[in-house]
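Coming up is one lone chain in structure tokens, specifically the form predicted alone.
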Amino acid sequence: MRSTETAFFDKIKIIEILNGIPHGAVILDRDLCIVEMNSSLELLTGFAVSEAKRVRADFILRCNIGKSEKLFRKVLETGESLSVEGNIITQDHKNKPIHFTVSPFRNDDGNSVGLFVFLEDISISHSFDQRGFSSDGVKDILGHSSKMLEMFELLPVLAHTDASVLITGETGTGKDLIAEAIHKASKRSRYPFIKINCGALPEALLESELFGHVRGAFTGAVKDKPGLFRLAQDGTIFLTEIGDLPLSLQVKLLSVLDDREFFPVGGVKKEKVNVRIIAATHRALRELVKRGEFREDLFYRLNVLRLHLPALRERDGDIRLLLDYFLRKFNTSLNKSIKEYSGKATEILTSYHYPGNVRELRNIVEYAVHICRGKSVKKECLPDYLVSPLMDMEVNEEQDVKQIDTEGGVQSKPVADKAEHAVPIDGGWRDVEKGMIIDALKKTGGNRSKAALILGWGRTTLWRKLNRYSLN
């Protein structure tokens, strides 16, 4: 590489730019050697930045896009970007389908001094296509984190069986979307998908809504009414917040699951029904069973297949992916042309712990796009509760990290407890968090994986915070 090119790459903070991209990204010099690559590409390929730098790209990006060197050279010579689909072989010998975008990297004089290669992992969409998932069913279910990939692997299995499914997870994690995706990929997809919130209606009204009633069953019942189970015949009924279902109706639901028949309210003749039941809850059903608030037999009948959705704070790297996705989505729906988030807005949005999960993130972005009047979402466009310094300290101090105890249970312990000897609180939360990181790294002898475990973070979260506090 020529000295002028080296100087150009050295004077800009390449890594800060690349790590703002939620997909794999790498910069090559004119000799097609790697100058810099981001953490997403580390996860994608299995190769660390330290072992990839100054190495020829074809040793790290082992792809099958034809004569890759010839393709890269063509972009260098013509200055025109190219986009193509192919595969790469990761360090652990896994084959991953990738969408490649190759663009020239220019210096201040407009000369091509290298290449920018963007790699989007499309293995999820390929998996859905191959196993019968329609694009409509999964278009709003996004995630590249390991926990989401594990969940995606289970979806085709859940779709291709008729057993009951119990979906658990915090409020706002997307349980409704997952239930509908399972239905759309199942053999029942051409029949109704009907959803009802078990905690939204009084018991008497809920029973009538679920099972229907006959004329004269109660005051105002002037004619027979089919319930949602009848309307969902041959399809799927989705019972969200199943933990709020009254005990008396739990007995009736158990009868439907066991015998596939029920009595309408006020009826003397049983109705047969053929539906699949998917239930969801954010509550701990086992605890409700212990307290006698939920029938144990119904729990086991619903819990034939189980799918747990991770909280957004547990999904390393997915926050930025979702921020970009919803920005594009609301740009289109609101006819805006916002191009990006400012650096400060990005820092706030990627540091926040999102107790309301994806739903809260979506609402924040929608609010920001409505408020924003320029081309960039700035700090001032965000909801007030995100940018208050007091809130920032309180939220982080109160955020819980799940720890596994010696008996295999889960206990919650405030993150701030870990920092009690690290840095005085007078310095603000940033100093406390920085002290926590330093303390954890000291305890592990600099081992970042173990330090992340102590802190209750994923490796990507720790890596991002190391950069923020200049601890790298």
Partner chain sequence: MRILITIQKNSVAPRFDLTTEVLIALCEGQKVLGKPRTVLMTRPSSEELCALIIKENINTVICNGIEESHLQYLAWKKMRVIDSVVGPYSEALKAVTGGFLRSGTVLPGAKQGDGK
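Positions refer to the first chain, counted from 1. Predicted model, so just to flag it, every value in this text is computed and none were measured. Here, rigid core means the biggest group of C-alpha atoms that superpose within 1.5 Å across both forms.
The same protein also exists as the form predicted in complex with its partner chain; that form is not shown, yet it is the one meant from here on.
> Flag this candidate site as yes only if R54, N87 and H93 all have a heavy atom within 4.5 Å of its partner chain in the predicted bound form; otherwise mark no.
All of them do, each having a heavy atom within 4.5 Å of the partner.
> So which of R190, K223, K339, R373 reaches within 4.5 angstroms of its partner chain in the predicted bound form, heavy atom to heavy atom?
Checked against the cut-off, the match is K223.
> Do D29 and its partner chain share at least one heavy atom pair within 4.5 Å in the predicted bound form?
Yes.
> In the predicted bound form, does L43 come within 4.5 Å of its partner chain, counting heavy atoms only?
Contact with its partner chain, no.
> Just to confirm, C33 within 4.5 Å of its partner chain in the predicted bound form by heavy atoms?
Yes, C33 lies within 4.5 Å of its partner chain in the predicted bound form.
> Would C63 sit within 4.5 Å of its partner chain in the predicted bound form, counting heavy atoms only?
Within the cut-off, so yes.
> With its partner chain taken in the predicted bound form, which residues across 352-375 come within 4.5 angstroms through any non-hydrogen atom?
Sequence-ordered list is empty.
> If the two forms are fitted on the core, does E85 show a Cα displacement reaching 2 angstroms between this form and the one not shown?
Superposed on the core, E85 moves its C-alpha 2 Å or more between this form and the one not shown.
> Relative to what's shown here, the Cα pair H183 and P97 differs by 3 Å or more in the predicted bound form. Does it come closer or drift farther?
Closer together, which means the C-alphas of H183 and P97 are at least 3 Å nearer in the predicted bound form.
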